[in-house]
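Consider the single chain below, provided in structure tokens and representing the form predicted alone.
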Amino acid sequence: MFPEKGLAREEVLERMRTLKKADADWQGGRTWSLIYPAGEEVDELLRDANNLYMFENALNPFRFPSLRQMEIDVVGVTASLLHAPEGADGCMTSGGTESIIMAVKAARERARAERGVTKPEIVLPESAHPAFYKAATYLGLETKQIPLDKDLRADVDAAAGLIGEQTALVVGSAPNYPFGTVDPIPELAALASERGISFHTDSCVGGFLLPFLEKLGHPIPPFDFRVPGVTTMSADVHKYGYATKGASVVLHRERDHLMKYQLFVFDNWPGGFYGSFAMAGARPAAPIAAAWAVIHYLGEEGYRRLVSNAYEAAQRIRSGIEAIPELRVWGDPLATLLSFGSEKIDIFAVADVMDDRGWHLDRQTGPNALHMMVSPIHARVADTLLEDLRSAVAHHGTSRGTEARYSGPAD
């Protein structure tokens, strides 16, 4: 019910603080997805950047040229990080889902214009993010799933059999969300390229993670614009780019040839010319400002440090999990995402015990697993987590339910 009278400011805030007590404890390192803490200094910067641009609207770059310049800068930094060639371009969106939707829209329009496709299809791995299915539902495409091989990566031979005349887009993940494994991007992109089909590398998670691991000397399989045939990529600044929520980038290999298929323009109304590269009309300015601020605050040195800390914590946790005889890490995750389960015990019973001890581990199925996205903050709680996990495995009881609980999307 709409309140008849307004409340005092402090009462409003106190009610909000009371509601917030039920939220997950991400500041204490107890949450393993959704939020990516980089430390109090970064948090303070993000607060200031958000406050500077709390009320502006990024819809009109002519009224707020500072926002347009910051978006150009963020897109440019991301493009260089992912080795985009000269002539590449892109834009910022509200998150990985919107970036993926825009990439799918561009691929559909390209397939119609260049190949006469009338019943467009997406060929994508079973492990691809649900945002592709959302895009297919919204934009009228059919989906064809590529089965996974024994390493939980897209099966290239199976993919070859699924690509046809109506294929508008082929997809690979670097890494995928469920297992943290990287699909065979060069092989999949080649299958698409030889037929003039768009290929999208979903690097929403890995875009600000894998490049710095590579710079730190870790072997990373080819996944970015250095791979021939990759036409679009998505990378979230609000994941391992450490910006506040609402900041992602979608990139096109060719501005003039490919990005035009993403653009929406309209002028047949009294309001004048309207153009947009994203789904949203009015666009919050604060995420753009926060993304620009954190990139320039951390620089390459800061990102290397944070990625190194997160990676080392993830490897320590992985080693600890693998040392528990009843547990098994699924696949061979390359970076800071991992999922683990068991062929001996009910992993969801273990999860129930971990819930009771204040940990928030996401549940997955196919196979049943607990899922983790490791951030730098988790280095300080890794030993405690493993101690509780060993205890939960040793004393696991009857699960309160063997179905995976919804943990929210990966954006």
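Fair warning: this is a prediction, and the values are worked out from it, not measured in the lab. One-based numbering along the sequence shown.
We do not show the form predicted together with a small molecule, though everything after this point is about it.
Partner proximity in the predicted bound form, defined as non-hydrogen atoms within 4.5 angstroms of the small molecule, places exactly one of 322-330, 251-259, 275-283, 90-98 at the interface: 90-98. Taking the partner from elsewhere, every residue among H129, C204 and K239 has a non-hydrogen atom within 4.5 angstroms of the small molecule in the predicted bound form. Y177 is the sole member of W292, Y303, Y177, Y311 with a non-hydrogen atom within 4.5 Å of the small molecule in the predicted bound form.
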